[in-house]
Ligand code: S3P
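The form predicted on its own is given below as one chain in structure tokens.
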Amino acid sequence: MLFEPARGLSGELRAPADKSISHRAALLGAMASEPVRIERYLQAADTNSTLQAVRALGALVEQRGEEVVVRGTGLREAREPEGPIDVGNAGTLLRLLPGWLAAQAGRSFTLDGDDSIRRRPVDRIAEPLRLMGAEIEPTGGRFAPLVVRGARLRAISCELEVASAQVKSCVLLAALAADGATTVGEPGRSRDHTERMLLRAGASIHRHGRHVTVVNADELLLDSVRVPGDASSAAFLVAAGVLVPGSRLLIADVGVNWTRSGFLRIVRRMQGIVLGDLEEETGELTGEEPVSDLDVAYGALEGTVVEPEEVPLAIDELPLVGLLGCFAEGETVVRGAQELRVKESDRIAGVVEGLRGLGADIEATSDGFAVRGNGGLRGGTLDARGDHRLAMMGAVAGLASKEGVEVQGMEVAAVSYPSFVEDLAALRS
């Protein structure tokens, strides 16, 4: 699909519903003792895989437009399905769901997905679940298909080697049915949607610095969840607004949880114009997800360095940092982002090779990349590699380029943002 250069973008859009929060709302709904009503559930390929998964485990799911009602089985009563649970392309589902399944004593579950999901490692969730007493058998010791045999779990205290919301969340979900109090520590802070939702559901959960402790529970009672706009999806609209001269956008209803707004802070540091009420970092754990409208406008960008401690707070948006660096004055460097190599694709290679093919002066490092701004991008062809983030990056690059960009495999954007192409077109009219 060809994305031609734009002369200026304008208008107002509502960000699509948050993918991370939609996944978690459906999973906690399936684990809850009473029905959970989810407002603005994301209707996309990944989140639909989660609804199908919880149905296979015995939950009843009713969909009415953007509203989903989940009638769950309870913490310890998931049904053993007849065949494998298909997670599709959803890495979040692959890594969170085993935390719940590990507590289903006497039952066995197999998780599988598409070719991409079979290349995404799960050994980092397997290790703590084994310590808790579950039997976990990844294929080849690292990959899906993944077999989980539930057991009576014991509480543990573990330190994660890499800050990861998915691994942390998996352990916290298992901890709900473990014997005692489980503590998870990280080297840095990662997104905290699971902790906030567990607090709202009545779990005994406490945050102390880089550690989170959960005490075993008899039940979860969540009632309702309203899903805010997805900060990661909105980031592509923000990037388009700050890159295309003459642009002025209003992006409504964006989640601005401080553990998800790292990209917005990076853009501001690069002198991009993004106005909005971002949540400030706090040591206090709250059950609420803050939202804000974002007022975005074109600005002359300056290069920056993204340090390792910032990476978990902007992990899905780092390809866009590479794109912004092509148009910025000076050098832009991303460090400590080796996690990008095990996403839907090797995103470090995808960003570097994709942008270099469009005219960027960019090189890969072992844990990130470095971009030297050279006045923007010429344009050309970009292969999405089956990765929704790379596809959307290519589309935004086309709008800001001199000659336009042909994105091969643009349809993969439907994994997280089904209306992305239409939304971009609306901003050009």
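Start at 1 and count along the sequence shown; that's the residue number. Note that the coordinates shown come from a computational prediction; the quantities given were computed from them, not determined experimentally.
From this point on, the text means the form predicted together with shikimate-3-phosphate (S3P), which you will not see here.
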item	value
Contact check for 95, 165 and 315 against shikimate-3-phosphate (S3P) in the predicted bound form, heavy atom at 4.5 Å	yes
Sole residue of 343, 335, 189, 200 within 4.5 Å of shikimate-3-phosphate (S3P) in the predicted bound form, by heavy atom	343
shikimate-3-phosphate (S3P) contact in the predicted bound form: residue 20, any heavy atom under 4.5 Å	yes
Option from 290-298, 165-173, 100-108, 72-80 whose residues, in the predicted bound form, bring a heavy atom within 4.5 Å of shikimate-3-phosphate (S3P)	165-173
